[in-house]
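Take a look at this single chain, the form predicted on its own, given in structure tokens.
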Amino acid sequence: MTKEECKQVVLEIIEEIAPDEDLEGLSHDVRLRDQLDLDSMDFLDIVMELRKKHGIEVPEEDYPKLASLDSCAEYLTPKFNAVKAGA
């Protein structure tokens, strides 16, 4: 999976959790919570969906690595690829 594909997965999850949010024109390097009306429960829902739908565990200490779309892609792309490879 590429970083762009990873960003798309994250956007799809956000779209499910916060369907009223306008995801067009998001800055990829700005914190998602600074651009969208996401609270801590929404953020936990994102983490839970990553685990439930994609088998990706995100330890609590790594939550700050999911701040922006760019940081999500940087952190999650190797995890997606490891899951895909069966690691």
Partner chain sequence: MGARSLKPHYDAVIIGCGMAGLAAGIRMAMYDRSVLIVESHNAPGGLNSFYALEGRKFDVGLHAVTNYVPPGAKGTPLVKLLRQLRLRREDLDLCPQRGSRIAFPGIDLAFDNGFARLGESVAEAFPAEIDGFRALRAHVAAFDPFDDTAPVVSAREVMGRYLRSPVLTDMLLCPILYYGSARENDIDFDQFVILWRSLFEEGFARPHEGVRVVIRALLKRFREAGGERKMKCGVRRLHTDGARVTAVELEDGLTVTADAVLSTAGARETEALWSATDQPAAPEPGRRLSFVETITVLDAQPADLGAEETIIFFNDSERFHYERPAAAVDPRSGVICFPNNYDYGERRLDEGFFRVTALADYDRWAALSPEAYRAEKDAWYPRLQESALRFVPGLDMDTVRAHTRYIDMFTPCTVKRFTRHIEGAVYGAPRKHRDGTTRFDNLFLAGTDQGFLGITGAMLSGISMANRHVLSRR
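Numbering follows the first chain given and starts at 1. If you're wondering where the values come from, they're calculated on a predicted model, not measured in any experiment.
Just so it is clear, the following notes concern the form predicted together with its partner chain, a form of the same protein that is not shown.
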Residue contact check: Ala18 to its partner chain in the predicted bound form, 4.5 Å heavy atom: yes
Would you check, heavy atoms only and a 4.5 Å threshold, whether Asp29 touches its partner chain in the predicted bound form? no
Asp34 versus its partner chain, in the predicted bound form: is there a non-hydrogen atom within 4.5 Å? no
Heavy atom of Glu57 within 4.5 Å of its partner chain in the predicted bound form: yes
Using heavy atoms and a 4.5 Å cut-off, decide whether Met41, Asp45 and Arg51 all contact its partner chain in the predicted bound form. yes
